[in-house]
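The chain below stands alone and is given as structure tokens, in the form predicted on its own.
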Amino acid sequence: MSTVTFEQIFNASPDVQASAPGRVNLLGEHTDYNDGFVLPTAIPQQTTVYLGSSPNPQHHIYSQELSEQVSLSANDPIPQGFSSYVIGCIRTLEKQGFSIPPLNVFVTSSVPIGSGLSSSAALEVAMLRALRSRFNLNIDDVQIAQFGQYAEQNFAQVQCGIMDQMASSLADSEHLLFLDTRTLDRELLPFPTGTKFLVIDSGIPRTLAGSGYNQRRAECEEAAKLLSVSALRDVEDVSAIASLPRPLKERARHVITENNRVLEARQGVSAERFGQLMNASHASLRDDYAVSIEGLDTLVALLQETPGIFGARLTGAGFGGACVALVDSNAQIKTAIADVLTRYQKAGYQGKILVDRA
């Protein structure tokens, strides 16, 4: 990656800049598009967007990480790629009646791409924050999340839930964000006493995450239809799914039990119990939701058996990406984590630490 500045690309200074964090989800995986409950936290890594006025009728968008520039006029079709998120945010606001003149947009980010840490939501929220600041728009943080989701669904063509954008817009890295994705009721909660979190990249690209995600979403919608509910969120007892055919029964069982794990954690539990809930979440994602793969299972197992780690699970859509672990903040586990990565490498994989709050 070549390091350049807004000034070098556009021969002018930016008018505003705004940032937004990525996120990691501790509990509540694949529940947000089922109107369920989630428990993410923001990560320290941020995406920053710089805005300035374009000297011509086109938007010009530059990504420092990709060393790539895209220029678009108002009615041009949106190409797929990073610019679809940026232009999607602009066109979403235009649909709301806001007038956005041609802009120079410079994007830089430390949020890892493709690891399940919501680099896209960080980009959307940072872009919308920058637009709000530049044009003094009367939109609040929840609307920013909603507009970001709309942009991703309708312009980047990813049928995401609301969790990622809400976490990027409203969470911080010192708390857990409990979110009811149906009502958007939310509260910031403390981490279990004496804990921090750790995120490790499995080194496995999420090659099937898109197709697998869409398939799981369709399966959940079909299960809800057969159960005569608007979403699986409305089913609290797993005995209610006995009549469902496979694999809909397994998919529904994951969503129901995962929601219950989040609700239990919300009440305030010990670090040991929170770790048990994370371990149970991974087993459910592996066995019932079928979104884990051998490499993720290997890494999670190594983490789960490490002293000083209360629990670990895959995070994000699955089929690759990252794992998150809840760590005893009083334990000296740097050496242990290095040993985990060494053993993981001996198993044929290449992992690395992405976030270390331990």
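Throughout, we count residues from 1 along the sequence that is shown. Remember, predicted model here, so these are calculated numbers, not experimental data.
Keep in mind that the form predicted in complex with a small molecule is missing from the display, and what follows is about it.
Only one of the listed residues (92, 119, 281, 104) places a non-hydrogen atom within 4.5 angstroms of the small molecule in the model of the complex, and that residue is 119. None of 247, 81, 194, 205 but one reaches within 4.5 angstroms of the small molecule in the model of the complex through a heavy atom, and that residue is 81. Residues of just one listed stretch (306 to 314, 285 to 293, 32 to 40, 65 to 73) have heavy atoms within 4.5 Å of the small molecule in the model of the complex: 65 to 73. Among heavy atoms of residue 238, none comes within 4.5 Å of the small molecule in the model of the complex. The small molecule in the model of the complex comes within 4.5 Å of a heavy atom belonging to residue 85.
Among residues of the shown chain, residue 123 is one whose heavy atoms approach the small molecule to within 4.5 Å in the model of the complex.
For residue 268, no non-hydrogen atom is located within 4.5 Å of the small molecule in the model of the complex, even though that partner is not displayed.
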